[in-house]
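As structure tokens, one chain now follows by itself in the form predicted on its own.
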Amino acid sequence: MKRLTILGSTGSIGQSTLSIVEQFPERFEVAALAAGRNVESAFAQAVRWRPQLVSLATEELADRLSTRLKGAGVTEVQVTCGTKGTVDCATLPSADFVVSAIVGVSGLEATHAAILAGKPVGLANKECMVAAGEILTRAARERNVPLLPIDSEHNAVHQCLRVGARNEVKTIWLTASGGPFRQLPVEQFASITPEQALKHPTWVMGRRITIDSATLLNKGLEVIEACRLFDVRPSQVRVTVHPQSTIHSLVEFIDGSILAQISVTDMRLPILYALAYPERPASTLTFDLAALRQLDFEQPDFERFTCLRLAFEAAEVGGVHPIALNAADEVAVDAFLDRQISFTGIPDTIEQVLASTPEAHPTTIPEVLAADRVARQTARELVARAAQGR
């Protein structure tokens, strides 16, 4: 029996992970949940799963949850809060595996703490790897801790790499659907609305990642994550636009062989793969081969997808630049959703933040978080100026 800590339990990945636990009760139990600000969902999850520990974002929210649980006669669940509470969940001695699914860098300290505590980690949070991948992977290697990707693309790469050595890899190919604006004329990008950008053609995801998929910044973050997870250079990672989204990633080996991972577009499959690794349990997630009747692949247009170009440039520079890229994007996406800036204001903001970012290489998590704060503040100032000019 594997006991799980789920960081980000009320989000889409967290809920999908709990559905896997429900489907495989003989394999998995819930040890701890970090639930953010959603008291209602946290209450329902605590009552259903009876974890040892639940963490919420603030003391006030934790008090509300504790009161509700006591009123429902649930007394065995301990409630905590804040960053310390999330770290306590990640390092809980009885937990055997940690799912890192908190959006943004908010879960970075807890993810790092889990690795230091020797916990295998399922990574659904690419921002942690983008911001501090060098630190996290070094800590994982030193402690022989598995880092198992849950992102569908990196999970696919991980599966393909099981049949070949790392030094045999020529190119990792990450597929992108192209989002809702793959064929929209570039001159119309400035008039794109949040409602249009939130209509992803393939996946149902959170708001930020959906916008990032529309700009292809999401794929750029995945390029950086792939470099860290699989120890390859940015020049060894390529992106291909594959509108059908049936092939999740491909690995090209030095002998010319290319392996592709194909499956349903359902996040439960990569989650199950990570939770059960190295086993492959039987599941009901089947793939219809008829979906392969048409497979299209296109080169991404860097003029259309400026954010992808910026991500490749940040990957080459390394150090603080990927941190700044992610931080600036998060601020810019929020501003776009709040109608403070236009859709094209997202790459404009990121580019200006990167231009003002010096070359430096943080070696500790506090240094990473400090660089993140600086980039966010710069992005907020740029957004404020852009909003005034609209």
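Every value quoted in this text rests on a predicted model; they were computed, and no experiment measured them. Numbering starts at 1 and runs along the sequence shown.
One more form of this protein should be noted, the form predicted together with a further copy of the same chain, which is absent from this view; the next part is about it.
The stretch in contact with a further copy of the same chain in the predicted complex, judged by heavy atoms within 4.5 Å, is 258 to 266, chosen from 181 to 189, 258 to 266, 98 to 106, 216 to 224. The contact with a further copy of the same chain in the predicted complex, taken as any heavy atom within 4.5 Å, belongs to Asp296 out of Asp296, Glu142, Glu76, Glu303. None of Arg280, Arg166, Lys199, Arg233 but one reaches within 4.5 angstroms of a further copy of the same chain in the predicted complex through a heavy atom, and that residue is Arg280. a further copy of the same chain in the predicted complex comes within 4.5 Å of a heavy atom belonging to Cys160. Although the partner is absent here, Val87 lies well away from a further copy of the same chain in the predicted complex, with no heavy atom inside 4.5 Å. Within this chain, Thr193 is remote from the site of a further copy of the same chain in the predicted complex, having no heavy atom within 4.5 Å.
a further copy of the same chain in the predicted complex is not approached by Glu134, whose heavy atoms all lie more than 4.5 angstroms from it.
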